[in-house]
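The chain below stands alone and is given in structure tokens; this is the form predicted alone.
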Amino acid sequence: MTNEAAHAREAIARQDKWHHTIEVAPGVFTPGMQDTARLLQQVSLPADLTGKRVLDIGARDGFFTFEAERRGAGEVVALDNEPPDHTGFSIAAELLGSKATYVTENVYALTPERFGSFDVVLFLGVIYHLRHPLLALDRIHDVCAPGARVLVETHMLDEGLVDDEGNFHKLTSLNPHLPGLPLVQYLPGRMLGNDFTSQWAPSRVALEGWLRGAGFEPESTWQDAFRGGATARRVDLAPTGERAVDEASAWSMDTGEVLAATKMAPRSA
């Protein structure tokens, strides 16, 4: 074993729990519980990110942060509500010589004044944990540059409807018409995998609807059993769209015209 490999193994051992599988030295991988390489193929991260500004929300141990750097991103910001030394991020970043900026923060706190704008936003394994998924997408839209892409991955309802005993069911097994409807299941308590942080399971159609309502046009979707996701492009918000009406203090029920706007978080141009 080389000195580099030995050093990497000693560093990895300092962290009890790894979520991502990251090659931190030639042939040395962190013992992540997630099949990270498979997820990388599924989310369609662009092969060339040269000069792009990337935001990795829910960065955790940093696999996707470091992968964005490897693909040439000009700047990567990793955001997570856990400090980097509470996960494997600090260890992996040091071993890989990462120059990414790590911010301990909540997705709802995203503003263009503080964070600027991004060309690519990774939102993987986060949205189904949130009490306010649409608010999160609104905040992401605020920090997206014109034409920016957002990559979303989440628990999905199509093959992952959870019953009161914790068993998964396909929507087609209940009714063949259900997969065509924008359905979302609320998952209170520890209903999904005994995880109290899991809140929602959107169907593919519902996820596309969430994205469109927040100002993103879905370009592709994918599913793998009870997980899935989408790639979407930022578009301009409609003056009578869902968000405009929701944020208005007065609006016309006949036309949807916003008559008086409530002062909300600033939107990107």
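Counting begins at 1, following the sequence as shown. Keep in mind the model is a prediction, meaning the values are calculated, not measured.
The discussion below concerns the form predicted in complex with a small molecule, not included here.
- Although the partner is absent here, Ile57 lies within 4.5 Å of the small molecule in the predicted bound form, judged by heavy atoms.
- For Leu130, a non-hydrogen atom is located within 4.5 Å of the small molecule in the predicted bound form, even though that partner is not displayed.
- Within this chain, Leu237 is remote from the site of the small molecule in the predicted bound form, having no heavy atom within 4.5 Å.
- Residue contact with the small molecule in the predicted bound form: Gln34 places a heavy atom within 4.5 Å of it.
- For the three residues Phe66, Thr101 and Arg149, a heavy atom within 4.5 Å of the small molecule turns up in the predicted bound form in no case.
- Just one listed stretch, out of 199 to 207, 217 to 225, 22 to 30, 57 to 65, contacts the small molecule in the predicted bound form at the 4.5 Å heavy atom level, and that stretch is 57 to 65.
- Taking a 4.5 Å heavy atom cutoff to the small molecule in the predicted bound form, the contact residue among Val121, Leu187, Ala73, Val107 is Val107.
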